[in-house]
Every structure is written in structure tokens, then in C-alpha cells.
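Listed next as C-alpha cells is one chain, alone, in the form predicted on its own.
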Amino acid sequence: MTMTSSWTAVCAAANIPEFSGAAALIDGQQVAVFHAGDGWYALSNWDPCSGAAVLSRGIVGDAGGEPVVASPVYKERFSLRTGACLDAEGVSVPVYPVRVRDGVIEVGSP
């Protein structure tokens, strides 16, 4: 588990169905929280390829064993583990620690 200075409750885990995401505002930053088949992930909601805050509405899936979200704009895939774009070299988004406590999704602030 990553050490963080604080955790912010986002919503009940039951509110985000498997293989989907939701947006939240954490410390003034738009964060996308995802429920993938193997767990929970959080990364920036900002799609650097389109310039829009839309990643939370992307398609959640798998690319060769790597959990990913495909941007709803141009379909670039971002690793949910690392934030790296699989389709544009050198492009990435920030990732955030995420956990579920007592049925509530919490995102950590670095």
C-alpha cells in the first residue's frame, strides 16, 4: 500500500459497476476512479491526447493482461496501473492510490 498524507472518500463501491468508472474532485484535481476486473484504480481524468477531462467515461478493459481505459475521444489506451499511454510513446497521466474501506472508495493524495 502506498503511503499518503490523506484519503478522500469518493462514493460507495457499489455505485461503480465492474468495468466502469466515475469522476471525482480530489484536492482540486479531477480524478477518474475505475472498477476493473482485478480491482480498483484511480488516475487523472484529463486525457492529454484530446485535452478533455473524459477518461472516467472511457471503456475499461484489458490489453494483454494489462488493465486499461480507452479514452472515449480518440480511443488511446492508458494503463490503469501506471498511467502510461499504450498508443502514444511518452504520454501518461498521473495515478493515485485507491482503496476500499467499509464499502467506501477512498483516493489518496500524494
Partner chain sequence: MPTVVVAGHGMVAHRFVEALRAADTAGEWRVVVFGEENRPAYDRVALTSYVDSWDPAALALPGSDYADDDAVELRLGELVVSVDRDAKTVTTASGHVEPYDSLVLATGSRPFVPPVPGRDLPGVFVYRTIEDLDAIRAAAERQGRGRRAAMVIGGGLLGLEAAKALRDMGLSPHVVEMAPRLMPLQVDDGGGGLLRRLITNLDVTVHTGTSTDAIEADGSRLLARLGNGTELDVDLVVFSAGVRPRDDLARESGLDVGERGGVLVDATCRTSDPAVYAIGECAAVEGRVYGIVAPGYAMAEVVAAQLTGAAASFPEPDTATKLKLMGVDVASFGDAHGATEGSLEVAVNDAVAGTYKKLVVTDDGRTLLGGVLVGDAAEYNTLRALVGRPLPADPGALLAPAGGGAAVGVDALPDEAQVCSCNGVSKGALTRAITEDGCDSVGKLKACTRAGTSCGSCVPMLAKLLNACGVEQSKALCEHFTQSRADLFEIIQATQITTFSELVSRYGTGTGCAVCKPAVASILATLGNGHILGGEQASLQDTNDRFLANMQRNGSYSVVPRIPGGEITPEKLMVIAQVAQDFGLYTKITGGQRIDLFGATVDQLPDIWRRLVDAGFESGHAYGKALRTVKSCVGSTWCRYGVQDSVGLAIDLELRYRGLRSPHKIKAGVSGCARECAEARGKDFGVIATEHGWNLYVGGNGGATPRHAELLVSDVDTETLVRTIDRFLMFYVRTADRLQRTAPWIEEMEGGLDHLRAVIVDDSLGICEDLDAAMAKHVEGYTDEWRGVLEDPDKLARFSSFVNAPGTPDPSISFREEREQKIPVLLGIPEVRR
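Numbering follows the first chain given and starts at 1. Everything numeric in this text was worked out from a predicted model, so none of it was measured.
Although not depicted, the form predicted together with its partner chain is the subject of the following passage.
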| query | finding |
| --- | --- |
| P72, heavy atom within 4.5 angstroms of its partner chain in the predicted bound form | yes |
| Close approach of S44 to its partner chain in the predicted bound form, 4.5 Å, heavy atom | no |
| Its partner chain contact at A52 in the predicted bound form, heavy atom, 4.5 Å | yes |
| P48: touches its partner chain in the predicted bound form, heavy atom cutoff 4.5 angstroms | yes |
| In the predicted bound form: members of 9 to 28 within 4.5 Å of its partner chain, any heavy atom | V10, C11, P17, E18, F19, S20, A22, A23, A24, L25, I26 |
